[in-house]
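Next up: just one chain, as structure tokens, the form predicted alone.
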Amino acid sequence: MQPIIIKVGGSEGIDLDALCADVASLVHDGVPLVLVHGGSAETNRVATALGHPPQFVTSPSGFTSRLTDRKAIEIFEMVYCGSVNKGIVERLQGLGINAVGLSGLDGRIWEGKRKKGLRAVENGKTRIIRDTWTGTVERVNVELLQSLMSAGYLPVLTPPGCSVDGEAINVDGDRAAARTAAALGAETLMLLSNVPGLLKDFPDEDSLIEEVPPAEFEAAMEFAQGRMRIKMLGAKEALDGGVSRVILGDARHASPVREALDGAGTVLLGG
């Protein structure tokens, strides 16, 4: 059976208890899974409390990302790899699932080049930001993940990734999950957040787009607002990598994974 790759975001309103209960139920039923998570809201709170509040930049193509200097990556590791990751692992262990929490840095699970500069638009002008600790996943350590899964462990993965020079780099969790799904030959990638899916008239949740066939993907991209834009980019990368479908689902529900598998949310189909 092909694994399902589930990515849950770290925004406000997400019910991790319900998510872990749903994941545990599926694993007990014999469904192979890899769980990827974020932690943005908690990271923002901790960073602000430590006197290093988060900064965000927008690329010329309209994608917003966290500006990550060395101090930010250290806070990032503290929250993502520490409290959030181990909190999820603890929940799953309590539900009888032998989860192993790892970052993309561990074992070079997610490896890529550290960007030399980041193009950002400020006040209508594009500038290059140097000395950022960001990158894009170019290689997934499939052997390590398959070894864990075949031994009965549930991988629980989180950024950061690992640069080719061995540095911690901030990689986008949705795109990392997409790369993982393609590398593992997954049939389904699920991206769960605090909205029902892709909305035609954001933030009106009654304007949910239920299905996007391949021919309509670019048109649907025009409706993506905020973080949904990067999720759509990750979805495209997964579909281009051979994943059959990507589901944009809602992590605020009691059974978010099963509901998404049953058709809730937005289903993006491969060619």
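Fair warning: this is a prediction, and the values are worked out from it, not measured in the lab. Residue numbers here begin at 1 and follow the sequence given.
Form predicted in complex with a small molecule: not shown, discussed below.
None of I75, A182, M149, L199 but one reaches within 4.5 angstroms of the small molecule in the predicted bound form through a heavy atom, and that residue is L199.
The partner is not drawn, yet in the predicted bound form one stretch among 163-171, 115-123, 186-194, 149-157 has residues with heavy atoms inside 4.5 Å of the small molecule: 186-194. At least one heavy atom of G9 is located within 4.5 Å of the small molecule in the predicted bound form. The small molecule is not shown here, but in the predicted bound form it comes within 4.5 Å of a heavy atom of F223. Interface residue remark: R227 is counted as part of the site for the small molecule in the predicted bound form, having a heavy atom within 4.5 Å. Although the partner is absent from this view, S244 stays clear of the small molecule in the predicted bound form, with no non-hydrogen atom inside 4.5 angstroms.
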